[in-house]
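Just one chain follows, in the form predicted alone, and it is written as structure tokens.
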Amino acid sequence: MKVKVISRSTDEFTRERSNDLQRVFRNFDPSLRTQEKAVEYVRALNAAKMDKIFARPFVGAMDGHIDSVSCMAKNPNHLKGIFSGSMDGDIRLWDLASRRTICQFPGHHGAVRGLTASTDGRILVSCGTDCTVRLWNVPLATGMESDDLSDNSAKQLAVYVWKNAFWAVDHQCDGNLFATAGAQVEIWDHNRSQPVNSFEWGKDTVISVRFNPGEPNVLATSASDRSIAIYDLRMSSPTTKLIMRTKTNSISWNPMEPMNFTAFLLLEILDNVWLGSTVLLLHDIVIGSAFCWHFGIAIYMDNGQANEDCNCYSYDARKLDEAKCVHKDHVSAVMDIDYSPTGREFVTGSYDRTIRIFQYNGGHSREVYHTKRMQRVFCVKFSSDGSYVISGSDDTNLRLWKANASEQLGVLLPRERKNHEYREAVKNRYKHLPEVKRIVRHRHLPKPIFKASALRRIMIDAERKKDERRRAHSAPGSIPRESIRKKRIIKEVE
């Protein structure tokens, strides 16, 4: 066996006298940077700290409604136009650049439950609890600066009266058809006053509907019987039905992966829980001797699902028996979800008065937005360019947020853009180190949400310990381990 050893002569590195300088070995190659890692680590720390210093996500509020904002819709033909509907029947078109109302759409006599715009952005479809579907002509000038909006008023094109209330509406990505959710799923045409097709699977109310962005003839619905159904307009019957443990509240397809969708489930639970003297008040949430807690779950076919345990579960439509990812952080019901145009992120609005932005494959939220005045968030939307988030809440206001909290607004010089890119690169390179990770992950939360999160962790840990002890004192194999990714699915019906 051949052994290689490193040998040096003592004459090369020892000093002859104590006053002699210590001999230093150095490589004079200019391509080598001996302090590169140390310097970049300091720059990563500074970049993480600067992101916190310049994090100002809130852009402004848009007020005008006199009741809760119940739904929103983007205008696909105008980047800065967005529609909003409230519980008093008022519908408005907003200009996000000036944060002003462009025009109003009067006509509904009840709560507006659904809004959607046609592919060309010229027709707005609305539905509500007054059993009517209304078609509106959208004004072409969406950036008026004058105060006189009389020439830019919205005109009502048609009114379709039906026998049941409507809970949601969605338009085809390419075509003249739109679907409404109510006692059953109806397919409508712009030029006909009666539905051209109708689907029914069970007798429960359908509460949400959403067309697939990649296949215009495929749509997904959720009903109050805890089911998620997928329909194909080219067939006379539904294709797939998934039975969940809790009711699904909202569905959103991933625009970049049309085979995937995310659904949020909503459940209201009333139970008796004794926690000693611990009583936690979180807006409408009360935890103590007796509490009624609204929970949210997200489902996503390679995306997520919101459930009564306040988590989001990501599913692949090709394999519905197990979730691919579990997204955690909310402490109350998730009311709405919307995907970024890139499909890499989605935003959620919750009953706990916060907005969270999740990576499509991330276990925890990247950002959490909240203000003192904002109440329960009922609807959220990403802007068409993915740079902003719009939220509508119970306090009658729409709020505009930056998708990246520390992003610099306005025109960037080339040197500024390169500086931002370099800071982001070094931060991602050293994000696994403890100090950088702590700064990047830290978020200030309202005290009620912070306490609810801590209490929730205690309850989950106690439940886990209870299961482990029960399993340890039972016969081997009598209590199988149930994965959290499979808990929320009961069965799949073809």
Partner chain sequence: MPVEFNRESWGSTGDARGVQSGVVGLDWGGETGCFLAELGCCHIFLEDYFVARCSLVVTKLCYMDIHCDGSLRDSAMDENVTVEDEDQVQVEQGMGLHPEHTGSHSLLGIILSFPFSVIFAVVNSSSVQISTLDLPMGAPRLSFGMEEVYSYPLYKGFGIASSRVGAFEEFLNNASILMIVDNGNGGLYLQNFEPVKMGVKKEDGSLSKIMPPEEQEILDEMDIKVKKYLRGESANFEALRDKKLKGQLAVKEELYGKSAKAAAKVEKWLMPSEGGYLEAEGIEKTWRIKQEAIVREVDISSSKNQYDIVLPDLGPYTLDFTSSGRYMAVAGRKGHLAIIDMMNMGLIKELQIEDLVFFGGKDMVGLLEWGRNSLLSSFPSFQRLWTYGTRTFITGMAQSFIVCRVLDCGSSGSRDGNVNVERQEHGAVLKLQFLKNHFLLASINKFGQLHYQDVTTGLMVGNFRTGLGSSDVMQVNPFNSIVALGHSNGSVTMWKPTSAAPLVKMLTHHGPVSALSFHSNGHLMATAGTDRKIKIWDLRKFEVLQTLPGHAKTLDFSQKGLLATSTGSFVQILGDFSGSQNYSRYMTHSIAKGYQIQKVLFRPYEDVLGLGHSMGWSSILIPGSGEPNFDSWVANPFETPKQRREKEVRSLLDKLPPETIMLDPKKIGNLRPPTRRKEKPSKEEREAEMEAAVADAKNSVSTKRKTKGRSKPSRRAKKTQEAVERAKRPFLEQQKQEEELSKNKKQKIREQSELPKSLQRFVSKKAAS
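Everything quoted here is computed from the prediction, not taken from an experiment. Residue numbers count along the first chain shown, from 1.
Below, we refer to the form predicted in complex with its partner chain, which is not included among the displayed structures.
Complete contact of 7, 22 and 39 with its partner chain in the predicted bound form (any heavy atom, 4.5 Å): Answer is yes for this spot.
Interface segment, criterion being heavy atoms within 4.5 Å of its partner chain in the predicted bound form, picked from 429-437, 465-473, 449-457, 55-63: Single hit among the candidates: 429-437.
4.5 angstroms heavy atom contact with its partner chain in the predicted bound form for residue 43: Residue-level check for residue 43: yes, a contact with its partner chain.
4.5 Å heavy atom contact, residue 49 to its partner chain in the predicted bound form: Close contact is absent here: in the predicted bound form, residue 49 is far from its partner chain, nothing within 4.5 Å, heavy atoms only.
Contact flag, residue 441 vs its partner chain in the predicted bound form, heavy atom cut 4.5 Å: So residue 441 does not count as contacting its partner chain.
Contacts with its partner chain in the predicted bound form - residues in 47-78 whose heavy atoms fall within 4.5 Å: Counting only heavy atoms within 4.5 Å of its partner chain in the predicted bound form, no residue of 47-78 makes contact.
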